[in-house]
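Just the one chain here, the form predicted alone, laid out as structure tokens.
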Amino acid sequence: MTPRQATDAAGPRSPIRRRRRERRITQAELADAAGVSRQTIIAVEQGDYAPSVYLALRIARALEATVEELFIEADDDATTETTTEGARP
């Protein structure tokens, strides 16, 4: 799992931090729920630490979110191409 860039993960753009604040959960409470130290949660929120898949799942469950919502960056440039059957360029 690739950590988010620090500039993207820090501040209000961090989906983990944003979700934790929405749910009014402290970093210490999230750490207890996920079974890690508060320092680990801080590092994950800042993008300095890439959690294992298992830890990402525990954090997501504690925040009642999905791993994808918290750890997977959306690809805004994604486009889908459609082709017409039988059409040739």
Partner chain sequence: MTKKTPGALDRAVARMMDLDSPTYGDERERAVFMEDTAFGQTLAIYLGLAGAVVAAVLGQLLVPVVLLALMWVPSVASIWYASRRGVDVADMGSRASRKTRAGVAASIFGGLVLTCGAMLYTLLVGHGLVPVPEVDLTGPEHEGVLRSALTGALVGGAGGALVGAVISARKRRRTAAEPAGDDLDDLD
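Residue numbers count along the first chain shown, from 1. Computed from a predicted model, the values in this text were never measured in an experiment.
Here the subject shifts to the form predicted together with its partner chain, a form of this protein not shown in this document.
Query raised in the report: its partner chain in the predicted complex: within 4.5 Å of a heavy atom of each of R21, I25 and L55?
Result: All of them do, each having a heavy atom within 4.5 Å of the partner.
Query - Contact of T40 with its partner chain in the predicted complex (heavy atom, 4.5 Å) - result: Close contact exists here: in the predicted complex, T40 approaches its partner chain to within 4.5 Å, heavy atoms only.
Query raised in the report: With a 4.5 Å heavy atom cut-off, would you call V36 a contact of its partner chain in the predicted complex?
Result: So V36 counts as contacting its partner chain.
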